[in-house]
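Listed next as structure tokens is one chain, alone, in the form predicted alone.
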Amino acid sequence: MNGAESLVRTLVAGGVDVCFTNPGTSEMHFVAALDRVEGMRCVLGLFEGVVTGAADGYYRMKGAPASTLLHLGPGLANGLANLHNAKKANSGIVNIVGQHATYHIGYNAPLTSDIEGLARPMSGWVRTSPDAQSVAADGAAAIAAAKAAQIATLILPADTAWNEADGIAQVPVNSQRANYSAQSVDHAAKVLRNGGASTLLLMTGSALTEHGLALAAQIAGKTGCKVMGQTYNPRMARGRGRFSIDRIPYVIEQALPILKDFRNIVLVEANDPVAFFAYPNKPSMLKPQGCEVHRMTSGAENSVAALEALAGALHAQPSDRQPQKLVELAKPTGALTHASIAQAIAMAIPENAIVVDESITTGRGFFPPTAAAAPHDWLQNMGGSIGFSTPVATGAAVACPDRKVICMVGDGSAMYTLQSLWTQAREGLNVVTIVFANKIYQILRGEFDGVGAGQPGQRAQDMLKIDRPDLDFVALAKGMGVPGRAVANADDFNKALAEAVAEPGPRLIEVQM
């Protein structure tokens, strides 16, 4: 076998059996190996940002890495924005990046670039295979890194792919999630005993599973502490029967009064609460002056086990959990408003759905009503680079083919990676994409005011609006094989949602606002 085949066999043997791909010339031997090796599902994306975002969504739902196949430095560069988002979400991915043959690199051909230099800022592990005999072992090391929730980038020169190699390599058994620090748990228990209502338990990551949230509810009921999530989270269990928590608001003026009375913050995988951007005469740190921060777990640790230990130390029982009052749901009628849209979505979410949320401004009020929806998982953009939702929804649907995926995205964000729809159509994925079409980068209009840039004139407004011409998402979706419809009132939105959720395969709804 050649080096490419040894790599594919190593990936499959190591449990990496899905490859999201957009290959080029240097990757053709890897592509050819796919015909000779059973067990690898290959999913074509028409843009590298779709490929890398899909791998992120796959890991979030599967808890195991997929691989990507990218073409040289420019192909990797096209996918870096969603690799940034994946890194912030602690998603494990094995990137395979083709390179020129080792003897060809010195000629400085047009596509020659510093691939390792491009990969390092978004990767936790980077290696170039020096020869065909090293490829399998390097692939196994990349898998181990990805299983430890890192982005691993393996660069495969063309001659190492086509030259003869021996076989496959076993993945080192060093990729298990670390446990937790008993000392940090004991310290957190002491803080909670002494702090009570003046303590915030700030959680993200694995702590936001159904079991993790249930433990947090017991701890809150026992100690009187407040439990919140970060502004954005990789995955959160939500819906009826699950402990519903608020998130720290994105807007500084809303976040400061919520946090002002806390004297202690216990971090469970979360980071210190900070503003997304710097604004004139506004703080970067959102915690109040004098508030002490205590880290209980990091992203590499088992937060659910740590919460179990914390609940035990505090003698917190399921009976300590306080009842929650949820928003009453009803199908909205009449005009489309942020409130009626939220109610319609909450009513439409089916049991065990996956919701991928990039409704940056329209969706700020979605959390209260959807807490009363059917049980579901809620995925958000961790890195802030837009164009994340449609690829992540694609990867989540590949990981969980038996679950309906609902993707919510603004019209500006949707245009970054709209090619995801084509992949959804080709693969027959159960994704409902809801595009909120307000014909403006609404988030930027708010940021224009937030940074004190004054009143936008005509030229500035032209940089914020996305009209002249208006985008037709139904036509765009049809061109990529996805049925769609536009709605302009709540009644039609209810009907469109019900039909889209009931039908198999991808669907798109354009919400005209």
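Because the structure is predicted, anything quoted here is derived from the model rather than measured. Quick note: we count residues from 1 along the sequence shown, nothing fancier.
A second form of this protein, the form predicted in complex with another copy of the chain, is not displayed here; the remarks below concern that form.
Contact annotation: M382 falls within 4.5 Å of another copy of the chain in the model of the complex, judged by heavy atom distances. Another copy of the chain is not shown here, but in the model of the complex it comes within 4.5 Å of a heavy atom of S284. Looking at L326, you'd find every heavy atom of it more than 4.5 angstroms from another copy of the chain in the model of the complex. Although the partner is absent here, A77 sits close enough that one of its heavy atoms falls within 4.5 Å of another copy of the chain in the model of the complex. In short, of 200-208, 347-355, 309-317, 113-121 it is 113-121 that has heavy atoms within 4.5 Å of another copy of the chain in the model of the complex. Taking another copy of the chain as positioned in the model of the complex, the residues of 427-459 that bring a heavy atom within 4.5 Å of it are, in sequence order, Y441, L444, E447, F448, V451, G452, A453, P456, G457, Q458, R459.
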